[in-house]
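A lone chain, given as structure tokens: the form predicted alone.
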């Protein structure tokens, strides 16, 4: 496995790959865990070569403190992924990804108007900036993303098609701890008390599957919000039940054929997100 810390080092390693028409790519921000490994294993199984990137992208953070405190563990990350069969780890400098300020504004198909979008202004445009830049450099055949970031996955599928990248976007199931907590790099920032409380989020949102037979979507949202907030370590930012294709909130179960529930919850100051399929 080659660790390329500059664009020049990456290009040199890339040129040695045996089949550039069959490359799997897993873009990450590091602090890797089993969720990332599940994406990497799938890429290794389906691709001649697998490349991962480790880059904490400044343009997708609308909170400077979140950017400053995001875990950075490159050496541990490399030790974790090498046995999985990764060929190249691309860990570039900011100037490699953004040799000049990136002022591109992407068409996100309106998918950013709900959920995370209004609460993290500019976030998804920043994600589109870095992912398209990485696509230009890596030129993968397929790229793998976790369904924990459900809205991001939908937006990247849209942007990839809109920008006419010849790349398949592969969504992979959420990886969870044995107690149900969705795996996230931010989980490492939780105190012991917060980590003990955090699985309560998943337990509460799963009750929506039972409640939807007798309650409206709005009533389910209210019930889950109350249940999560009953834990003193947790504070709900939002819960939305939405059309899985458009991200638009639904108020009746018949409003869409595919319905998802998404949420963001604070274990202060750590922000945790999760989602489940309801229909």
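Everything numeric in this text was worked out from a predicted model, so none of it was measured. Residue numbers count along the first chain shown, from 1.
Below: the form predicted in complex with ligand PAF, not depicted.
*Asks:* Counting only heavy atoms and a 4.5 Å cutoff, which of 129 to 137, 197 to 205, 171 to 179, 85 to 93 contacts ligand PAF in the predicted bound form?
*Replies:* Among the listed stretches, the partner-contacting one is 129 to 137.
*Asks:* Can all three of 29, 57 and 149 be found with a heavy atom no more than 4.5 Å from ligand PAF in the predicted bound form?
*Replies:* So, yes: the whole triplet contacts ligand PAF.
*Asks:* Which listed residue (114, 106, 165, 145) meets the criterion of a heavy atom within 4.5 Å of ligand PAF in the predicted bound form?
*Replies:* Only one listed residue qualifies here, and that residue is 145.
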